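The data below hold one chain only, encoded as structure tokens and taken in the form predicted on its own.
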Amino acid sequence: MRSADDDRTTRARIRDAAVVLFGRDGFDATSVRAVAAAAGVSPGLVIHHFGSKDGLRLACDRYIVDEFIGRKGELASGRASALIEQWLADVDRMTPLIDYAARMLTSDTPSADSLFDALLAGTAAMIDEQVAAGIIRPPIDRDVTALYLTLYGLVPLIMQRQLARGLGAERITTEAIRRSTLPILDLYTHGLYADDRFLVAAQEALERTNGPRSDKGENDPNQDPDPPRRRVS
């Protein structure tokens, strides 16, 4: 759905049908024939374009990563307000993609791992791009930051029911997303704590506990059970 021209291609039509069916019914429960019927093509044409059902899933994965991560990368273009307005208008269109990601990522399969790894790599690349563009501060540990940003972004997709309930809605709606937009951006922009006392405390604690301890107490589990006896003169 990147452009109107792309949407009109047979390949894109098959891919979009697969995203809907895989997200709704699951990968294993969806046949190539079902995808073909939904796209209005023959099963042979699905294989012609994607090689196999697994090849079709990989194409869907790439599309999901591009939509979720690629759009955030567009923030560096300087059109943030227009882009956010466009995203808010696209909530209904994104629903099948969200369902797909939630279904595929919660399956106990190597495919779920591959999709997560692709999203993680995309997030790491996005961090690098936005640091270079001056949008975000350089993180203390870029890889750990990318991991948690990826997880934070995926939890609302996987826990849609609880997210909707928390917002007083039956499902994720445009209004629910609009209500969430400013609080989330405020959290990312200004942080949660009023000052850095906990960050400094954590840094000090980590420094004190880095390496062997020299202040073992009487009941310390690492205390030498047979310390050398003091010589009496």
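Note that residue numbering follows the sequence shown and begins at 1. No experiment lies behind these values; they were computed from the predicted model shown.
Here the subject shifts to the form predicted in complex with the DNA, a form of this protein not shown in this document.
- Stretch 51 to 59 is the contacting one of 51 to 59, 197 to 205, 184 to 192, 170 to 178, since its residues have non-hydrogen atoms within 4.5 Å of the DNA in the predicted complex.
- A heavy atom within 4.5 Å of the DNA in the predicted complex is found for exactly one of Val65, Ala38, Ala164, Val32: Val32.
- Contact check for Gly26: every heavy atom lies farther than 4.5 Å from the DNA in the predicted complex.
- Panel note: the distance between the CA atoms of Glu129 and Arg57 is larger in the predicted complex than in this form, the difference being 3 Å or more.
- In the predicted complex, the CA atoms of Asp28 and Arg161 come closer by at least 3 angstroms compared with the shown structure.
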